[in-house]
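The chain that follows stands alone, in the form predicted alone, written as structure tokens.
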């Protein structure tokens, strides 16, 4: 499966690893890139120099291409962009905003830019701004989500732009990858399944919650704030639901979430912490290396695409 995504980003397989704050560190990123995908470093919890250190660790572990994700709402966006350009990172993915004002700097540094988008309108705008590709992310994804499903969003984005499109949200195996290809996507981005890879340094309690999850175990919190987040149900999500029922302010609801992701990822408190996960968690049932995950996905995909029509 050599698509325009592979050619554009110089990777073996058109598989991006989703950027997950506190989770997608140099260990996971280098393992995914070394296995032929594109590892993506999450920087939502990093400052510029911490980001630089992680970039250099990645390069110590692999000579393959990798990416850095920048959440444009971060107060540290300016310094992160500067570090990415100084380090000549091959690819940047962006979220929560428009990277347009940083495009000249990225171009000068030779950095390819791939925004994560939740709508056709934003995809078209990103193409005009000079994006190299876009990631159309459906609401099945873990973490911050939009309102449209992957099945509905991807083909509409593919029809609307002339740059490559990756599909994200609800994809964890070769069947999901084949479905994305049928919708017109040139590749996929996968987060939740890589979360339980052996190279992922998230607390084991977090991994165990993913491995035990059922199809109905995720919920979106923060609907009333305009910043919905998909997570696994626990005591924290029940508190979110109570506050929203009682008409709490956006400030109260957002204050409740402060520090909760770190609590789950680092401390292993999966009852009071924010256990971000996609709806696909019910299909993730085993720990594997990143290489084994990619190999299994590609084997399933190849068998499906080469099978005779019935």
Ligand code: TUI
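Owing to the predicted nature of the structure, the values given are computational and were not obtained by experimental measurement. Positions refer to the first chain, counted from 1.
Beyond the structure shown, there is the form predicted in complex with this ligand, which is absent from this document and is the topic of what follows.
Asks: So which stretch, 103 to 111, 205 to 213, 118 to 126, 169 to 177, is the one near this ligand in the model of the complex (non-hydrogen atoms, 4.5 Å)?
Replies: Selected stretch: 118 to 126.
Asks: Can any non-hydrogen atom of residue 97 be found within 4.5 angstroms of this ligand in the model of the complex?
Replies: Yes.
Asks: Looking in the model of the complex, any heavy atom of residue 73 within 4.5 Å of this ligand?
Replies: Output for residue 73 is yes: heavy atoms within 4.5 Å of this ligand.
Asks: Indicate whether residue 233 is a 4.5 Å heavy atom neighbour of this ligand in the model of the complex.
Replies: Answer no; every heavy atom of residue 233 is more than 4.5 Å from this ligand in the model of the complex.
Asks: With heavy atoms only and a cut-off of 4.5 Å, decide whether residue 196 touches this ligand in the model of the complex.
Replies: Although this ligand is absent here, residue 196 would stay clear of it in the model of the complex, with no heavy atoms inside 4.5 Å.
Asks: Since exactly one of 200, 161, 183, 229 fits, which has a heavy atom within 4.5 Å of this ligand in the model of the complex?
Replies: Exactly one listed residue reaches within 4.5 Å, namely 229.
Asks: Taking 4.5 Å between heavy atoms as the contact cutoff, choose which of 276, 67, 280, 51 touches this ligand in the model of the complex.
Replies: Of 276, 67, 280, 51, the residue with a heavy atom within 4.5 Å of this ligand in the model of the complex is 276.
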